[in-house]
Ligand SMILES: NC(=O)c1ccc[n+]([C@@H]2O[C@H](COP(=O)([O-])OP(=O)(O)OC[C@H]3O[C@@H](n4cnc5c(N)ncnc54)[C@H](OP(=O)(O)O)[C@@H]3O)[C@@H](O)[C@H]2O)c1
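Below you'll find only one chain, the form predicted alone, shown as structure tokens.
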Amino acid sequence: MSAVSGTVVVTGASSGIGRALARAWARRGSTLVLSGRDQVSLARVAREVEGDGGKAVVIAADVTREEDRKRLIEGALARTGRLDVLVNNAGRGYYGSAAGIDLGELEALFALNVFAPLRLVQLGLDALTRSGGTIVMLSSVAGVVAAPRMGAYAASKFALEALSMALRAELVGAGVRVVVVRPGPVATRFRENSISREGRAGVRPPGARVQTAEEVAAQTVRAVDARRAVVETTAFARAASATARMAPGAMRWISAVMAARARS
């Protein structure tokens, strides 16, 4: 996709990282298809997008509903004629011990964090193939490291990582790229909007710098430009990912310390 053209679909675009991503692409002259459940907030972001130099199309949708997913992709194509970047950003957190996970809540979490991104890719794949486009999966450092009280959320992001890995290999011949973004803590309302069992959120790892949504968005746009496969957005995320792969014993010790802190 040209830096100053193309259609970018962003789910979860009404706030946080989704809003920042929309505005970052708008500054490059892109057409943004903004999706989320809050139509009032989407209208505000649409005005910001147009003020930043982009074009905005608002399609309010609950991406856990099949009819809304179809309406989003079909609407994007009907309104803009193409699909260059599909950003699967919509998601939710879950804080609670693995022993206390509610299975109904876990199903709902997977419906949003895993099933919706996969299904949107399936629905948009023909258009992405025609444009030689890019799929962006907003994962997390929790996609490679399962911290205490984040087992449910990490499970959903591990699943998203596995699907992304398979898709990346399968789509090489189609010319469609898959970019996985792994932020650490970000200054959004993620914690407030998360499911929290037992009345408290998880323990933030020591040394984890909190990024702004705008920092994550800028790194994501650059990663799409550079055709990168994975972007870990902080030194903490890179260190945690590397430790989990190369020093699993150390990671188990760190996790045990974090679990003890969560109990105190």
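Sequential numbering from 1, following the sequence displayed. A quick note: this is a predicted structure, and the numbers were derived from the prediction, not measured.
If you look for the form predicted in complex with the ligand, you will not find it shown, but the lines that follow are about it.
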Here the chain is shown alone; which of A26, A223, V58, A61 has a heavy atom within 4.5 Å of the ligand in the model of the complex? A61
In contact with the ligand in the model of the complex (heavy atoms, 4.5 Å), from 86-94, 73-81, 122-130, 171-179, is stretch 86-94
Quick check on R37: any heavy atom within 4.5 Å of the ligand in the model of the complex? yes
Indicate whether S15 is a 4.5 Å heavy atom neighbour of the ligand in the model of the complex. yes
V136, heavy atom within 4.5 angstroms of the ligand in the model of the complex: no
Whether S164 contacts the ligand in the model of the complex should be assessed with a 4.5 Å heavy atom distance threshold; does it? no
Who in 136-172 is close to the ligand in the model of the complex, meaning a heavy atom within 4.5 Å? L138, S139, S140, Y153, K157
